[in-house]
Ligand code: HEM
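Have a look below at one chain only, the form predicted alone, in structure tokens format.
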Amino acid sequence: MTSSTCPYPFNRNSPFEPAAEFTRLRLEEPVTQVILPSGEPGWVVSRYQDVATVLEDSRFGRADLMKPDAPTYSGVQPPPVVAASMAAMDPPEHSRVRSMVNREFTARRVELMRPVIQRYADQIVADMASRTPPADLSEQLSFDLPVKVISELLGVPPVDRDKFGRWSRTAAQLDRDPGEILAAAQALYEYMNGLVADKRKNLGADLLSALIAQHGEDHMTDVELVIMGLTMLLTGYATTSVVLTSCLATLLAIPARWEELQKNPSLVADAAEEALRLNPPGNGGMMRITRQEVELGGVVIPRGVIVMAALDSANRDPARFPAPDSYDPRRSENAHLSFGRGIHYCLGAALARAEIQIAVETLLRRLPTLRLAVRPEDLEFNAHSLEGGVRSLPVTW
């Protein structure tokens, strides 16, 4: 099978390992043509430096992917909510909106969220510990915690958070009926529209209220606020849920890793970064479209085609990481690309890191005998989700 007829994403045999094909591609064809799930041709970039270039270079854009005649990854055009989000913008529109959000979604706001995250983590783990094992960490912690945190951040009333979470999960699952996905997306849009209207009348201490309260010539319109709220919800829930489950699976798959953290809890932050490097979010990588003809890695990529920046391959590039397939929480330098790079670097990366660290620390403290309830090789990669990750994470204690 030649690279030009190879279907993408490549099959992977384990949720802990990227597709074996990437090892060959990094050596022989670091920029290669493939067939996307839509049946259209696309390009895959597998080396760290080339992936970083795709993510940073303005010749690889996002906005053109939203045009009606643009090539698609799956054969389905992005819904209007996605097409209007900051993640789908290029400068100057992206620069304007991101600047306004950055003024309010600061490191200080994330730090102020830490006690809130800890309170929710304690409640969730205490509830789980009160029941007879086994339990599914993906369902009971990785799903529940991010929904509660992002709802708190946006000022979603507690009474609405369960349905908010259900809609978010449905909208992110590719194996759902298209009608269900559309209905969930519509419900989220209508809810967020109402929430913005309510907060214009009664400002709170939440992020959405802070964005509404911005003054001056440049401010966010109601539509921009709704789209921003939905973007933060879907990325704050979907991405964080996946990376939290993947990190916990990586740490629990080999008991010695969990035991080391029990003895050295100061390693939790670095262990989480290493787990993020080994298992980044995304099923296929981050997607861009060429805005002009580009030469990359000695290959000419035509204008107007989809390019997949394969994060799981880049994060294991031996040219960038010594012993790249080994778990090493003591790496002196760990510049992984799991949250992206450049102008589209994940807006909620700091919040996701805080949630992961607090979740791990809470489990170590409250469930010291925590372990997998199945063999690591029996865990299943979620190939039907935009974010990938482990489908479920059964544990006991």
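Computed from a predicted model, the values in this text were never measured in an experiment. Throughout, we count residues from 1 along the sequence that is shown.
Another form, the form predicted together with the named molecule, is not on view; read the next lines as being about it.
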Using a 4.5 Å cut on heavy atoms, which of 367, 351, 31, 36 is close to the named molecule in the predicted complex?
351
So which of 239, 151, 250, 290 gets a non-hydrogen atom within 4.5 Å of the named molecule in the predicted complex?
239
Heavy atom to heavy atom, is residue 86 within 4.5 Å of the named molecule in the predicted complex?
yes
Considering non-hydrogen atoms and a 4.5 Å limit, does the named molecule approach residue 231 in the predicted complex?
yes
Give a yes or no for residue 344: in the predicted complex, does one of its heavy atoms lie within 4.5 Å of a heavy atom belonging to the named molecule?
yes
Indicate whether residue 44 is a 4.5 Å heavy atom neighbour of the named molecule in the predicted complex.
no
Looking at 22-30, 357-365, 44-52, 331-339, which lies within 4.5 angstroms of the named molecule in the predicted complex, counting heavy atoms?
331-339
